[in-house]
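Heads up, the chain below is alone and in the form predicted on its own; it's given as C-alpha cells.
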C-alpha cells in the first residue's frame, strides 16, 4: 500500500471518529466556560469569543473585575466600535495596588450587581466575567451567590469566566474548563508589557 493510500485511510478513520463525536453532541444550550491557569491569554481568548459572537450578530455583555483603572485595548475598542456591547469595568485596578480590602469588597459587590443583572438578561447571548475568579479567591464576593448566578442564567445564554483559580465549586458547574499554562513569559526576561499584545 502506498503512503498516500495509508494517509487517506488514516484520515478517513479520523473523520469517522470526529463525525461520530459531533453527532453524539446533540444538546442545544448555552455553555459555561472557565479559562483559568497561570499563563497569558485567558482574557484574550474570552474577547475572541466576544468577536466571534458579534460576527453572528449575537448580543454580548462584558464585566471586567480588576480592569478599568488603566488603558485596556479591548475595552477601548468595544467602546469605540461596538457600542451595542454592554461593558462595565470595576475600575479599581489590581487588588495589590489598592491594598484596601473593604473598598475592594464594596467595588466587587457593586460590580457583581451588574454581572448578576446580565446573567438574568434573556436577550444576552454571551456574558464575559473577566477576572471574576480573583473576587472569589480574595473572598470579595460570596461564592454561593456567584455560583448560583452562573448556574441559574437563561438556558440559551453562554458565559465565560476568566482568571486564575476560582475553586472546585466553580469548576464543577462549568461545561468547559481550560487551563492556560505558563511555560515562558517575556515579562520574566525583563521585557515590558506591550500595548496591543499585553493590554
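Numbering follows the first chain given and starts at 1. Since the model is a prediction, treat every value here as computed from it, not as a measurement.
Although it is not shown, the form predicted together with a small molecule is what the next lines describe.
Q: Find the only residue in 43, 158, 133, 53 having a heavy atom within 4.5 Å of the small molecule in the predicted bound form.
A: Here the answer is residue option 43.
Q: So which of 58, 164, 143, 171 gets a non-hydrogen atom within 4.5 Å of the small molecule in the predicted bound form?
A: None of the others qualify; the residue that does is 164.
Q: Name the stretch: of 5-13, 185-193, 19-27, 171-179, exactly one has residues whose heavy atoms fall within 4.5 Å of the small molecule in the predicted bound form.
A: Contact-bearing stretch, as computed: 185-193.
Q: Consider residue 39 of the chain shown here, and say whether it contacts the small molecule in the predicted bound form, taking contact as heavy atoms within 4.5 Å.
A: Close contact exists here: in the predicted bound form, residue 39 approaches the small molecule to within 4.5 Å, heavy atoms only.
Q: Decide whether residue 197 counts as a contact residue for the small molecule in the predicted bound form under a heavy atom distance cut-off of 4.5 Å.
A: Residue 197: contacts the small molecule in the predicted bound form.
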